[in-house]
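Only one chain is included here, represented as structure tokens and corresponding to the form predicted alone.
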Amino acid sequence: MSNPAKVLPWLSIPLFLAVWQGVSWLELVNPALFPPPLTVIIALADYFTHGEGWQDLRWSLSRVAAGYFSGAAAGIAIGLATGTRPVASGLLTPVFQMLRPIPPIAFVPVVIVWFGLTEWGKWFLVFWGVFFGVWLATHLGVQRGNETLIRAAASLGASRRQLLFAVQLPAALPVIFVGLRTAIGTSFYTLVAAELSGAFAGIAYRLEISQQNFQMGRMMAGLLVLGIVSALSDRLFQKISRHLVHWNPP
């Protein structure tokens, strides 16, 4: 008899689609506002075969990549500084803790004023959504290192640089990778705010156009694309992190 824990993940999505289809058949909601799965799948196929699907996907992924990698790099670099140097922590941590709760979408009006409708504004919004989570994970991961190992390495004459890269950073990597993985999801929902702030292509931009034309099938298809791409990115990151942080994968 097969293990139910292994079978259930394969049943999850078909069951979800079946419930969705059942809700549409029973007309528990207005089908014009909540179209059935078949309508969404047809709209999705049309979006990528006769519409701007591939172009929108390229624009959206390029914005996510630019904001994610720059935000992650800055978050790790500054997190290492604040986690290991009391002066940097004292100067930057209070400011970051004040700015961190501000949601990226709140910056949309400011970004339009600062950057207009250029790509810089969209990159900035994704950067903002990614940076603070990665910074906090790095900061805490480094600070919560094994004190015994740190003292042992210091007593053997290890320099501050050797302590960081040989002891503290390897110990903090599992926590940092958790922050990096969480930031993937953050980058995609920040992308929606970024593209709604003024764009001429992109998945979220196309959602707004579909809403104006009351194309509910196309809107649901766009949401499905965002979910699939975000989930695939998360799974890819999970596989990579298992190899890079094999001693304690996130």
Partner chain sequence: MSTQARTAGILRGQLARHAFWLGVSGVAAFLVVWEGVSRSGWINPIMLPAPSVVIQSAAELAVSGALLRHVLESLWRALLGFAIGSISGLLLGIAMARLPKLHSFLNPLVQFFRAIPSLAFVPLAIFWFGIGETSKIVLIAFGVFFPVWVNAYLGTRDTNPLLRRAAASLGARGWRMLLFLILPAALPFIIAGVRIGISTALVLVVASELTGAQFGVGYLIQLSQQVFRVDHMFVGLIMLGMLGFLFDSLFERGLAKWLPWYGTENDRALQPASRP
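Residue numbers count along the first chain shown, from 1. The term rigid core refers to the most C-alpha atoms you can superpose between the two forms while keeping them within 1.5 Å. This structure is a prediction, so every number in the text was calculated from the model and none was measured.
The protein also exists as the form predicted together with its partner chain; that form is not presented, and the subsequent description refers to it.
The candidate spot formed by L91, W114 and L223 lies fully in contact with its partner chain in the predicted complex, as each residue has a heavy atom within 4.5 Å of it. The shortest heavy atom separation between F214 and its partner chain in the predicted complex is within 4.5 Å. By the criterion of a heavy atom within 4.5 Å, V178 is counted among the residues contacting its partner chain in the predicted complex. In the predicted complex, at least one heavy atom of S12 sits within 4.5 Å of a heavy atom of its partner chain. Heavy atoms of G185 reach within 4.5 Å of its partner chain in the predicted complex, making it an interface residue.
Only one of V64, V40, A199, L207 lies close to its partner chain in the predicted complex, with a heavy atom inside 4.5 Å, and it is L207. Contacts between 85-118 and its partner chain, taken as any heavy atom within 4.5 Å in the predicted complex, involve P86, V87, G90, L91, P94, V95, M98, L99, P101, I102, P103, I105, A106, F107, P109, V110, I112, V113, W114. Core-superposed comparison between the shown form and the other one: the Cα of L226 travels less than 2 Å. Positional change of F237 between the shown form and the other one stays under 2 Å at the C-alpha, relative to the superposed core.
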